[in-house]
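Heads up, the chain shows up twice below as structure tokens, two forms, tagged structure 1 and structure 2.
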Structure 1
Amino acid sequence: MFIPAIKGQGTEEQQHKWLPLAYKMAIIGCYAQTELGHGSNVQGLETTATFDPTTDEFIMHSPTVTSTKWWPGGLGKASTHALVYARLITDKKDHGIHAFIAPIRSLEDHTPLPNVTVGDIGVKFGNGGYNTMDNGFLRFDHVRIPRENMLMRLATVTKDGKYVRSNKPRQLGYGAMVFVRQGIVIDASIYLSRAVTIAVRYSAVRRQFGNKDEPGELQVIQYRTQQSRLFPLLATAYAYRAVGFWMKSLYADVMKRLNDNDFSTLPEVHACTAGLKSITTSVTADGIEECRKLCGGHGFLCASGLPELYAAYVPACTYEGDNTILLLQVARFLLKTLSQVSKVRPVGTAAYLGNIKQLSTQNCKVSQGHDWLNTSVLLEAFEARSARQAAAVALRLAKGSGSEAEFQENTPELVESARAHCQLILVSKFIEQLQTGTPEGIRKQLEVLCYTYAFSQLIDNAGDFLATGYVTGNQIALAKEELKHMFDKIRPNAVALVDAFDHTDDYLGSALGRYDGDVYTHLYKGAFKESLNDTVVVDGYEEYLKPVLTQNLWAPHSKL
């Protein structure tokens, strides 16, 4: 984030000066935005950068404990420079948050510079995961930096202290945002596919119980209870992959438009990518943990590879936009789109809202199970449900005065409405990707996964679908049966479908998820690498255990 931020907010001169240094590791930079008391609300940051025209410098200062920079990765022990977000103050006037490059450690001996307090914020979730990152804290006590260290692409402070906004369109930053979010969705697919690979392979190896009809124990992957938790996640990993690829084309389109100064699609693109970031990261984090649980007791061992996968992934729900706040942004977009729908034709992923009248009146026509095996039927179900939820909450709000308090009062419903919209996008883009020149054999497999994904989303959110009146309980029951048929189609290919992700054993780092399935031998062998097993008799035996074992020191009825 240090380098993209300089690219986005620095003048060409500043980019020319700082980027080569950062690329060459002649300096190590970190992105110092969040503070101990301030995360998502950037406008609430407290660090100040006060211009002193007498010396042509900014005075960087941390006025309170809560203004301490907190969390920046690489800050704790490594960084020599920090890109500090601070309130710009000139002549006692607060111009809001701007970015400044502050040297924080000596380039001679790496010691913190005078009046800079910097260190590591401590241990984080998991044994590995993010603990290899030196997330840090940083305080300034009236530290002076040259005026030219303020990134001045969007606004300038002159030598005599005048604040001047540039006329560069602020929307240019949106391109980078779409790019980053596309990467996050692809990452979600990769992380989820890693967890699913481990859980599917182990479920094919692990045997438990059996039935009278067959000898021996059954592979746990044969059990419907296992399939109904595992196969939807397998399908989800494929869905996110499809959507991630689609977002690549979305990014290309956005960049083309930005170059032509066409900002018309930005609100829709912003809402779509915010929502997809939110949904895919939340589902992936929970999905990794679900895969760990699906591996039973052994999933709790780090040797399964799953505890660390979870701990390393789950921060994605918080960084680059807290997932709940992002959904509220989507909801605001939906409300605005609906309010203008008679005048402005909705575009892109919101286009279906143009059809709201029909979606609000026609109900689902499914009468037999196989009626569900139709992508148009499925798409319309997700469109109708999303349109109806959005319309319902819009109607409630329209009855009020339009105050922020009323918006707040309805945020649970708004979040649900945003989630419905995003689930529609995911289903629809997965369906679209099926139709883009995939060879028939692969397309057939993907179609099974696509139906699995759509049906499981429909069933998991049955309360919403039913409450909008679009489907009936019987139609949901039919979808449940169709979903089981899909499980039967996935089952014989499940291992091949995860092998297709092409993760190496080394990359998975899991005794349970080995390609060769030789799980138990490697769990057993692996235990001998545990350092507690370096000695036959545990350290501390002589001092602590032996006296107890031989002298009954803890005997409850002893007189000691």
Structure 2
Amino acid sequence: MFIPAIKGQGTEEQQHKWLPLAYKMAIIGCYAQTELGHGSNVQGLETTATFDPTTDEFIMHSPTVTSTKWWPGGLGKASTHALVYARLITDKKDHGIHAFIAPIRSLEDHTPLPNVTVGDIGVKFGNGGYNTMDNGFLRFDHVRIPRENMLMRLATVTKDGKYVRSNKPRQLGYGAMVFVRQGIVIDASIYLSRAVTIAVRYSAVRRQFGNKDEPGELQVIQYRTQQSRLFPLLATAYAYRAVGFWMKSLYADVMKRLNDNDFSTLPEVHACTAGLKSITTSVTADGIEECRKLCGGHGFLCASGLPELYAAYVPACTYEGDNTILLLQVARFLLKTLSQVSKVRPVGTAAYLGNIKQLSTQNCKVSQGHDWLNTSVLLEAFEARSARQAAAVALRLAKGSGSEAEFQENTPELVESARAHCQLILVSKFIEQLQTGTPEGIRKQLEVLCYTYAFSQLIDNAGDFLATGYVTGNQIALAKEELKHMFDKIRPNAVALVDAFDHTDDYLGSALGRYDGDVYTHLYKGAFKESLNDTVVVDGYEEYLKPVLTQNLWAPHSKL
């Protein structure tokens, strides 16, 4: 985020100075926002940057233990500079959080600069996983930096200490967040597809039990219970891939608008990227763990590749915004959009709210299973559910006092409404991909996956759909039957569908997910590479095992 933040918040002069250095790695930068005592609550950060007009410098200081910068990736050992978020203070007045570029290590010998304390925060979850990242801590003890090191696109401090806010909206700072979050959504598709590839391939190799009608044991992938857990995850990986492509174009569009001083879409884009980051990372983390379970006991082996995949991925649920907090940001956007719907026509991913009267009064007309095989029918179901949930909580808040305490009291419902909105986006963007001129053969496969994803979301959230009154229990039952038909269509192509992700064996690092399917041979050979097997007799035998084994513990204590 170092470079995107400079692009979004630095003046042209500052960009000309810092970006070439960063691009050619003449400096190595990190993004130092989170502190030991504050993460999502950016306004609560404690690090200070106090301006000294006598020297034309800022004094960076960490006044408390909790003000220690904590978690920035690359900070622990690699970075020479940090983009530090700190409280700007001029003439004893606090102007809130601003961004500063602070040198932290010598460019001569990489030692910490005077009065800078920096290091790695320690081992994280997993044997390897995220431990390749040098997440660090950073403290300043009255460290001076030039005034020009404050990023001044959104606000400036003059030589005499006067604070001047720019006429540019502060949302320009969202550019870095949008960039990173769209990357996180794409990563979610990649990580989930890796786990699904392993689980699908192994499910096709592993055989368990059988039935009277067929000789031998059945492939695990033949069992409906395995399909009902695995195939929706396969479809989800494809859905996230589709929305990831869309988010790339969304980011390109928003940056073009920003360069043209068009800030009209920023609130919607911020809410969209925040919500999708939350949904995709939570589902992917849970999905990787589900794939591990789907691989049975062997999935628990590090040789399966799944434990470390989970350990490497699960931090995504927290970094760049706690997932629950992000959904509440989406909820605030939905509330604001609904409050203005009579005056301003919603656009983008919230456009459906402009049709809220119809969505609130008309119910689902599905009467037979095949009626669900219509993307417009499916889309309307998700729109109605989202619109009704958002309207219900908005109405509840409107009847109250409007206090923050009342908002907090309704946060569970607000989170659910935000989640419904994000699931609608995912379904709609998957549907849109089917209409982009994809070759017919591929389109048919994607259509099956799209229906699988949408039906699984409909069924998993059946309580919400039923509670809004849009669908009936019978219509949910019909969707369940259609989902089974989708499983039957996926099954013959399941292995080919994961092969299409094109993950090499080296990249997967999994004995279970090998392309050639020779699982058991490689599990067996791999066991001999375990360090415990370097010796035939285990170290410690003489000291610990032999004394126990040579005791006559079972000698009778009395004559029979």
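Sequence positions of structure 1, starting at 1, serve as the residue numbers. Please read these numbers as outputs of a predicted model, since none were measured by experiment. Here the rigid core means the biggest group of C-alpha atoms that line up within 1.5 Å when the two forms are laid on top of each other.
- Between the two copies of this chain, it is structure 1 that is the form predicted together with a further copy of the same chain.
- A displacement of 2 angstroms or greater separates the C-alpha positions of Ser79 between the two structures, with the rigid core held in common.
- Once the rigid core is used as the reference frame, the Cα position of Arg144 differs between the two structures by 2 Å or more.
- Residue displacement note: Gln222 has its CA displaced by under 2 Å between the two structures (rigid core superposed).
- When the rigid core is fitted, Phe100 shows a C-alpha shift of 4.3 Å between the two structures.
- Fit the two forms on the rigid core and the C-alpha of Trp70 turns out 2.4 Å off between the two structures.
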